[in-house]
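The data below hold one chain only, encoded as structure tokens and taken in the form predicted on its own.
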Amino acid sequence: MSAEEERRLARVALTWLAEPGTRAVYHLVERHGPVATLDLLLDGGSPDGWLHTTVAARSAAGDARAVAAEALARADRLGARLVTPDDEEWPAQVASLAALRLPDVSRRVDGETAPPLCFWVRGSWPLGEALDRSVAVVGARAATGYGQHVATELGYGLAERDWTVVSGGAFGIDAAAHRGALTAGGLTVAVLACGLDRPYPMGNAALFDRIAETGLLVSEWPPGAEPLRPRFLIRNRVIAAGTRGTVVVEASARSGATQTARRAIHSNRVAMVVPGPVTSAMSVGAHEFLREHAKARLVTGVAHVLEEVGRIGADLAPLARGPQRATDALDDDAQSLLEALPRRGAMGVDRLSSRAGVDVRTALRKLSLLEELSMVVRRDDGYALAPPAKHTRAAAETSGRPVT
């Protein structure tokens, strides 16, 4: 076995001995390398008491190197590959997890947020290239029709603009985002919390096969690994740090999606939230996240998302505007005269100027312009509002032209 093969085998074995994200293991690998770290842990030399106990318990179930070798062989049969930091396709941005520190941590799974030691990948795209321009779209499994519609539109729109759509492959929002990207013929990546040969949920098996054909299936766990509950939280740190930003589309009061967004904020990534109906239980967590995190951004569509994650000054979302009206181009005096006219009948210039608070000379000049724009008509007894049809025609004629 070559030195490179030994290092790769050691990384797999270390991931089996301790869950991905374990800081003590990561720091030992950074200091001593994967092979020496594996030897140290197997000899009972762990500096951490919890890690020592974990390694001893796992080792009682089998030989770590033998398990790693079987995992590599199993991946080869599956058509998957192992990607390590020594490979060109390694996504460099996940290194930022070394500095990730979540505040108010009470559970070990929230504190163990170190960078991955390796990835298992199924699909032809280079992993680093796929994640270079990527946005995560995550949310509730029990999504409403509104949430699924929004997630599909986001997935489609981002993929259409050559952004990779990343999610977790779950029912609801995740699946909708993946399908939106696939429908657009774009690239999507599903980051799993189990082995690539045990995609969870099984109800999305066909979706995972479609993703593997044109995008990527990614996992930190070797083939055969089960989708245990803590692994979803461990997985979420990769979704947060591996992308330019995370969009939450629907989240209940207790949601893994908001935990992903929280990890995004503390990884110096953009966390975005799509608002929902205030009466919907599926938007409670999303709205609370917006209230609690000043850095979170409210977005309502692809244009807003691209403004947050795209190039500064180049991906600005257009301002939301209502329909243009004929009166929008009028100045204050002309507006005042138009408002002062009675809804029915005519009014003389002297009375009209007094009612509008405009001097007679200005009133005559503005009324002439309003008449030219077909907004008012002159009669023997004064001025009156033009019929509505003429207002409509005037809107087209005066679009963008101020009246002075």
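Residue positions are given as counts along the sequence shown, with the first one as 1. Note that the structure is predicted; figures quoted are calculated from it, not measured.
If you look for the form predicted together with another copy of the chain, you will not find it shown, but the lines that follow are about it.
In the model of the complex, at least one heavy atom of Pro275 sits within 4.5 Å of a heavy atom of another copy of the chain. Although the partner is absent from this view, Thr183 stays clear of another copy of the chain in the model of the complex, with no non-hydrogen atom inside 4.5 angstroms. Residue contact with another copy of the chain in the model of the complex: His304 places a heavy atom within 4.5 Å of it. When contacts are judged by a 4.5 Å heavy atom cut-off, Ala143 does not count as touching another copy of the chain in the model of the complex. If you check another copy of the chain in the model of the complex, you find a heavy atom from every one of His287, Leu290 and Thr300 within 4.5 Å. Annotated contact segment (heavy atom within 4.5 Å of another copy of the chain in the model of the complex): 279 to 287, selected among 279 to 287, 190 to 198, 79 to 87, 127 to 135.
Val150 is the sole member of Val150, Val218, Ala271, Ala334 with a non-hydrogen atom lying within 4.5 angstroms of another copy of the chain in the model of the complex.
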